[in-house]
Ligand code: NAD
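Only one chain is included here, represented as structure tokens and corresponding to the form predicted on its own.
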Amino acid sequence: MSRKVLIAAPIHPILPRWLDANGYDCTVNETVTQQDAPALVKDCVGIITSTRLQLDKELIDAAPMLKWIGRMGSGMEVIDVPYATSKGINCYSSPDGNKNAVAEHALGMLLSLNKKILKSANEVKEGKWLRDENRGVELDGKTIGIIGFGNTGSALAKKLYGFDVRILAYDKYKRGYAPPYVEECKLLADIFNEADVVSFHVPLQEDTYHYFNEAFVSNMKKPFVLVNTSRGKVIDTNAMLEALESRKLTGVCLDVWEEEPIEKMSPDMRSLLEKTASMPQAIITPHIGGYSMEALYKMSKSLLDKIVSRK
């Protein structure tokens, strides 16, 4: 019986090493394409992916021996989970592995934006020494709204705790989850009314597609900073850019984009990226928030534990 596993994602060596030790035969191919994947998975019992492969019905059907799918990270939108489950295929993710990395990244971008660190550092490289133009804003005393209080949302709240900020959290699917230093909001209106910063930590699904849109912006009572380290399609890019131009948004910190990577963007979406990235009140990074060296190990270990314990 085949014990073949295709690893189509960057992973820590601990993962193939210990899968091999547990009787699996691992093939690592981080550059596999969607077109080439069917031929590679036909005799696989396991597949590990990140965002490179879409484990849709077609690819799942191409792997009749498939027993499990592992996702490096948290976004299960790359897997047709209902279809896989209907075929008895276990689906695992590892959001516990990169939650700290994402939280640090979100906080780092927010501090860099508020204190104008990136902007002023780039100006110094150009021979400019501008102090008054780069007067920063402190987090102290601000109200931070966190939407989605799962692994990364709660990790960010923990890191914000020491900054003497007020932390509001809204999660549509949970109640009674907030630690003492977080105010649990039953209504999104609480964040609309109070927040100076809004940070998204939600999965991409039908009810979160373009969660941030024109209506969201119009509901916000104060100018605010937007942080998104979840999924690009959570943000309506046109609405975001309009809010920046109207100064309803005072800044954006984005680790994801509505279409990515750049080579897969439509011309219009690439134009929006270039326009937004050129603004001094925008910090955009190439989906690296959960991509730390430590997170690579933690995610690999998390998947390993889940796969081996249920083999």
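Numbering starts at 1 and follows the sequence shown. Owing to the predicted nature of the structure, the values given are computational and were not obtained by experimental measurement.
Below, we turn to the form predicted together with nicotinamide-adenine-dinucleotide, even though it does not appear here.
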**OP:** Using heavy atoms only and a 4.5 Å cut-off, decide whether all three of Asn98, Ser230 and Val256 touch nicotinamide-adenine-dinucleotide in the predicted bound form.
**Re:** yes
Original post:
According to a 4.5 angstroms non-hydrogen atom cut-off, is Val202 in contact with nicotinamide-adenine-dinucleotide in the predicted bound form?
Top reply: yes
Original post:
Heavy atoms within 4.5 Å of nicotinamide-adenine-dinucleotide in the predicted bound form: does Glu126 have any?
Top reply: no
Original post:
Quick one: does Asp132 come within 4.5 Å of nicotinamide-adenine-dinucleotide in the predicted bound form, counting heavy atoms only?
Top reply: no
Original post:
If you check in the predicted bound form, is Thr208 within 4.5 Å of nicotinamide-adenine-dinucleotide, heavy atoms only?
Top reply: yes
**OP:** Just give me the single entry in Val197, Val102, Met240, Leu168 that has a non-hydrogen atom within 4.5 angstroms of nicotinamide-adenine-dinucleotide in the predicted bound form.
**Re:** Val102
**OP:** Note which of Asn151, Thr143, Ser112, Ser120 lies within 4.5 Å of nicotinamide-adenine-dinucleotide in the predicted bound form, where distance is taken over heavy atoms; exactly one does.
**Re:** Asn151
Subject >> Contact segment among 171 to 179, 112 to 120, 216 to 224, 157 to 165, judged by heavy atoms lying within 4.5 Å of nicotinamide-adenine-dinucleotide in the predicted bound form >> reply: 171 to 179
Original post:
Quick one: which residues from 69 to 84 get a non-hydrogen atom within 4.5 Å of nicotinamide-adenine-dinucleotide in the predicted bound form?
Top reply: Ser74, Gly75
